[in-house]
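Given as structure tokens, the chain that follows is alone and in the form predicted alone.
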Amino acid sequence: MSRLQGKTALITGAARGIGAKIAQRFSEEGAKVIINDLSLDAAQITADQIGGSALACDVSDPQAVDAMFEQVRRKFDSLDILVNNAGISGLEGDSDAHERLLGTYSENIDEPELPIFSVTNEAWSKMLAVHLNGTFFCSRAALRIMMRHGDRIAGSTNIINMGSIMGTAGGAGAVAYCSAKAGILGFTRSLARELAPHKIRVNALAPGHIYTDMISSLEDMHPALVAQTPLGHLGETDDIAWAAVYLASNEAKFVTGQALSPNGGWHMSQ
């Protein structure tokens, strides 16, 4: 219960779902946890449940991100762990999401309704802004704090980025989401090399299909997802949270530039 004792961790998009579970496990392991979310009220509710702190900002807004991390610097002085978890599915308010995700097409051969045709410029830009830009903005701002401390123990300061199996394997009907997640995996590897001489580790988590609010509304797809998963069931938020605890802890002090993928065997690599 003390794998993260004395550490300060900020988790973006952590008012609910995977982020909230990571926050809970980090707190139980001794970390001082800062919950970020778009809504300060929602972040505060989760923070109160785990004895943490709450800060709100839109991670796709670089000025808002810098202002939030300035609050972190003033209140906590140091920052040991950043988890870039904030994200969107792109399905919010989309009544045709099921069909696109299943890769369906129109019967009109002359004008096939490819899923990519339904991706607007705005939807594409927003997906990359929240996932990829947000990961970049938060990492850059966090490093301004992390780099201030010259007494870092090798591997104890680290960044964890939230990728996805969709960033590796791809998926019909989710071209923007898959592109954003693939970009995060590339960003992770590049930043890991850049920061290794400074004793800061950077890794990614690439979850499989995890039962959260994000996919609870897609229950008609669950049987197909389960059938494609060798272990025969959807994942739980704890499957990702405990992986995050490992990557954040000194148990993973020789792990950097990697993508740990709890996915039930849906995608196998290495």
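Small disclaimer: the values here were computed from a predicted structure and weren't measured. Start at 1 with the first residue shown and count on from there.
Missing here is the form predicted in complex with a small molecule; even so, the following discussion is about that form.
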Within a 4.5 Å heavy atom cut-off, is residue 58 in contact with the small molecule in the model of the complex?
yes
The small molecule contact at residue 17 in the model of the complex, heavy atom, 4.5 Å
yes
Hey, in the model of the complex, is residue 38 touching the small molecule, heavy atoms inside 4.5 Å?
yes
Residue 212: heavy atom within 4.5 Å of the small molecule in the model of the complex?
yes
Listed range touching the small molecule, judged in the model of the complex by heavy atoms within 4.5 Å, from 69-77, 160-168, 193-201, 140-148
160-168
The small molecule in the model of the complex has a heavy atom of only one listed residue within 4.5 Å, and of 182, 114, 88, 123 that residue is 88
